Ligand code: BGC
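Below you'll find only one chain, the form predicted on its own, shown as structure tokens.
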Amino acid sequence: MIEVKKGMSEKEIEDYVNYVLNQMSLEEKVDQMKGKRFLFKVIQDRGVGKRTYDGAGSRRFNIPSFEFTDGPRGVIIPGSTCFPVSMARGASWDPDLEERIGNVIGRETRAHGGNLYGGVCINLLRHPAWGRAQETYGEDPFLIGEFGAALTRGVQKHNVMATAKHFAANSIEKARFKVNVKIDERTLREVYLPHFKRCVDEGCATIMSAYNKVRGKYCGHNDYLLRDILKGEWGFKGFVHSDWMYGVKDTVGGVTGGLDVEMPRAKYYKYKKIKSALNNGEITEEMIDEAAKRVMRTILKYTTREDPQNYGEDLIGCDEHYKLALEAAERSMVLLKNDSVILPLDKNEIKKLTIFGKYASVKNIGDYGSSAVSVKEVSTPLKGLRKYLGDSIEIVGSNGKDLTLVKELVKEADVSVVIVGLNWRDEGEYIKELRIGGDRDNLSLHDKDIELIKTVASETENCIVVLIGGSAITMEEWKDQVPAILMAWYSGVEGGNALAKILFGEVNPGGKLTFTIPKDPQDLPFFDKNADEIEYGYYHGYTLFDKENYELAFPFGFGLSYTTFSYGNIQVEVNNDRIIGSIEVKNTGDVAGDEVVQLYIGFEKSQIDRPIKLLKGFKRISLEPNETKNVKIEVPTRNLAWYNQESKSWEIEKIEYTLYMGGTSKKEDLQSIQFIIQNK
């Protein structure tokens, strides 16, 4: 008989699981379909998230439990490394960096005793008011998919099962438990599912269902999403588990819908309820077997692999991991404005610097929900500047509440930095009982922050505004009054150190926005945080702004540098299965810098309603002054397809396409060339 051991082949695992299923009682099978001991651990720990939470497994058959912990800005168990939020990391446009972050998260998960990481959040940013925007990577399905796949790769290198979540169409926070999303098939397939498909193709071990409904069915009960598409069409071999506490509404709905595991403990997947539904003919034993098999097979796949290293507690929050958190913060920040080239600052020309705003000295690393990483010490902007500058420059800090004092301090300083933005009360996972998080009511700063900016700007031409937040912030009330604006995000445990290095030019900012910032928020799709029902349309973000020719504050893909870049000599090569775009990029400035080369495919000649263009590739490059690189980006031809909901198939049009390459999504900033797909 096959025994559980290290190095089992897929066939050995399959054979063993089939053997176990034939030996198991119904109750033992049902045990594979639920979390365990959650309430006991929470009571014992006097709080949530202080350790892993287990589920499934069988001592009799030597099958380990899964041990769950959450994310995505790091392992939430105390002591872990807190990275910048996902939206910030998306702004790096660097999937290799994200894979390295996943590598650290995988290590720390194992060091904490975990083997299931629930932090690959890849929901689409349909509207920037969404409270959990900070947990995803942006508004574009292609970019989200590439980053989700990168995080999955990194985490799973360490035999940790990665969970992609929340499946699917989860883009409103406060109404997530009740809202029904109306969506046509083409929009579902082209806009809200591709990033999940990308992570499934990458081999993600598990999927977490969303709370919301799609077309009248809760996602945890939605057989079309879970059985037909995910497990059927996509061939997903892992298991699906619910979101926590409210992810299952009834026993029969969950089992028939294709939900394999109820988390974090059984309410509807209790043995008696399953047995009753089985006896009543409402579910079948084949459904139970399928769920149990998926869970045991996935657990064994990861727990019987040879580990690439040891996972001692010394890995948790170690210096090496903090260095990566610093790099992530440095590569993520986005320079939005730099008139008169006020940045970078020169130490030799400044004697006194003032820094205003409560977030200059307050730990502000993101929301307080399931993604919160518990860290005691954080490099705030004020700490970072003081550490970086030492005694070379006098730094005076103020929370900015007393505007009379602010004016006096500004007059005495050579340069003033204003740190403003949002916190966990403004945006994040909505938890009614704790009165935290939720969706935003508007996209601008708080009135007191705007007043602070205007006060400082009225007294000095050397005013730098640093924005803290997880999504788009509108700036029309004040952006013309200041020379420099930097989006610093919720930048993790090393954020203040990264900010200081960017402000003084040791690091050249190279981040780019992964969402559109409108001049007028009314141009965005309809959003109702209390909606019982809402329709998700085909267009949002830059595709909507392109189609309607709306005016932008900052386009998708935008970000400045301390140097400049020129583009030229665009070329395209087409063969049967791929399109290769190439372009020459030159650093035309005086300092080294990074540029994000973006490739879009244009569908202007389409015979159907399609976006003007879509992101289909990108590459971050580094260039020395006067250096030129020829950048090539490949696009699989299949990525040009659209979904024909009448024929229920993906089709590639035989038309003339446009290939665009450049440094932002704005058409005026892109080089272009036409090409035709043949024999498709």
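Given the structure is predicted, the values throughout are model-derived calculations rather than measurements. Throughout, we count residues from 1 along the sequence that is shown.
Omitted from view is the form predicted together with the named molecule, to which the following refers.
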property: Location of the named molecule contact in the predicted bound form, chosen stretch of 236-244, 335-343, 486-494, 81-89 [non-hydrogen atom, 4.5 Å]; result: 236-244
property: Non-hydrogen atom contact residue 70 with the named molecule in the predicted bound form at 4.5 angstroms; result: yes
property: 4.5 Å heavy atom contact, residue 165 and the named molecule in the predicted bound form; result: yes
property: Touches the named molecule in the predicted bound form: residue 429 (any heavy atom, 4.5 Å); result: yes
property: Partner proximity in the predicted bound form: residue 211 to the named molecule, non-hydrogen atom cutoff 4.5 Å; result: yes
property: Position in contact with the named molecule when the complex is considered in the predicted bound form, options 156, 380, 370, 543, heavy atoms within 4.5 Å; result: 370
property: Sole residue of 176, 198, 127, 331 within 4.5 Å of the named molecule in the predicted bound form, by heavy atom; result: 176
property: Residues of stretch 524-560 in contact with the named molecule in the predicted bound form (4.5 Å, non-hydrogen atom); result: none
